[in-house]
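The chain below stands alone and is given as structure tokens, in the form predicted alone.
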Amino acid sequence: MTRILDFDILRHNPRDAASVPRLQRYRLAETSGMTLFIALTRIREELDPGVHFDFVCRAAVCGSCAMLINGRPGLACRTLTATLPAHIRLLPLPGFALIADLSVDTGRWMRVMSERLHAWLHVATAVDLDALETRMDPDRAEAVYELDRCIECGCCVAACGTAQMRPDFVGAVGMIKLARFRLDPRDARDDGDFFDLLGDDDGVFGCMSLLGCQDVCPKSLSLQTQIAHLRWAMARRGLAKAGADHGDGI
């Protein structure tokens, strides 16, 4: 028997002074293999062309369609309605500037975070574009590029208690970026450099280990393992720095 689905969707345009945040209900008949992306597309095409939501790839690669799905961050393109109850509430991700309805500006947040953390490869010598690629141990290369699978969807930030309380917290997405460069043998920085970027409560020591980020990561990255490794390394570096400042060593 075909289910009838009720979608309660937040409607609000912050650029319109007359707009008041509200939940608006839309009703659709469920079809086989329906995802939330398909449902939202049908709502926009058949019921209300003014509903705002983002999408690009429809394959869990771009991260654009992240939203709160019955209170849990997730990607609309990979969420089957069959896995949800008949009453579905969709809200924008918290922690990011609202554009309209379900659309938020994750790009600005990610750019500010990346610039703040210097989240790019730092090399000691000028890059020779004619040189062969740098050799890398296969296991190390696999570990490095595993962390490159982060799609910056913002789900981990939305699920993070610290990020909701501390607007300057870099979140799991920021820490995973630096974990990636810390593993990369081509990066010339040491733990002292990474400590200057991450060694405070807005960085690795602000994480409360609630595991929300790992629970909702659509790429199933080992976020808490990487954060634990970073915290250990940064704590060790912090102790060494404190000892050096007092002339004690460690």
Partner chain sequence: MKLIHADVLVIGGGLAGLRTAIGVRRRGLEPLILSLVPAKRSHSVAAQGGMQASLGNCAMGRGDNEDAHFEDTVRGSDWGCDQVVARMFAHMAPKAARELAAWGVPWNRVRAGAHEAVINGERVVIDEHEAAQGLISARDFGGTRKWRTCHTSDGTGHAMLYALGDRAIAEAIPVRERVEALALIHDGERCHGAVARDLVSGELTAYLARATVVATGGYGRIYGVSTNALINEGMGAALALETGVARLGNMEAVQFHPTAIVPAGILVTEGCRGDGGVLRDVDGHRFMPDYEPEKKELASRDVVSRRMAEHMRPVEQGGRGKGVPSPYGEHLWLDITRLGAAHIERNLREVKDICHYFLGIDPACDYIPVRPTQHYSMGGIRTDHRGESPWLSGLFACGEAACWDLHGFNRLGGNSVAETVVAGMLLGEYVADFCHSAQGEHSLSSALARDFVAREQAYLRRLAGRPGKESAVELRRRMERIMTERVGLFRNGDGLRTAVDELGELLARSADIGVRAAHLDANPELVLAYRLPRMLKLALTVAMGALARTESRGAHFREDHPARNDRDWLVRTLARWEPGASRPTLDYEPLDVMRMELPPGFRGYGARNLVEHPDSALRQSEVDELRAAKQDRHAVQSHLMPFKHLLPPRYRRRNARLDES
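Residue numbers count along the first chain shown, from 1. Keep in mind that what you see is a predicted model, and the values were worked out from it rather than measured.
Another form exists, predicted in complex with the partner chain; not displayed. Remarks below refer to it.
- In the model of the complex, Phe55 approaches the partner chain with a heavy atom inside 4.5 Å.
- Taking non-hydrogen atoms only, Cys150 approaches the partner chain to within 4.5 angstroms in the model of the complex.
- Although the partner is absent here, Gly206 is not a contact residue: none of its heavy atoms lies within 4.5 angstroms of the partner chain in the model of the complex.
- In the model of the complex, at least one heavy atom of Glu115 sits within 4.5 Å of the partner chain.
- When you look in the model of the complex, the only residue of Leu197, Ile69, Leu28, Val51 with a non-hydrogen atom within 4.5 Å of the partner chain is Val51.
- Within 4.5 angstroms of the partner chain in the model of the complex, the stretch 168 to 206 places a non-hydrogen atom from each of Lys177, Arg180, Phe181, Asp184, Arg186, taken in sequence order.
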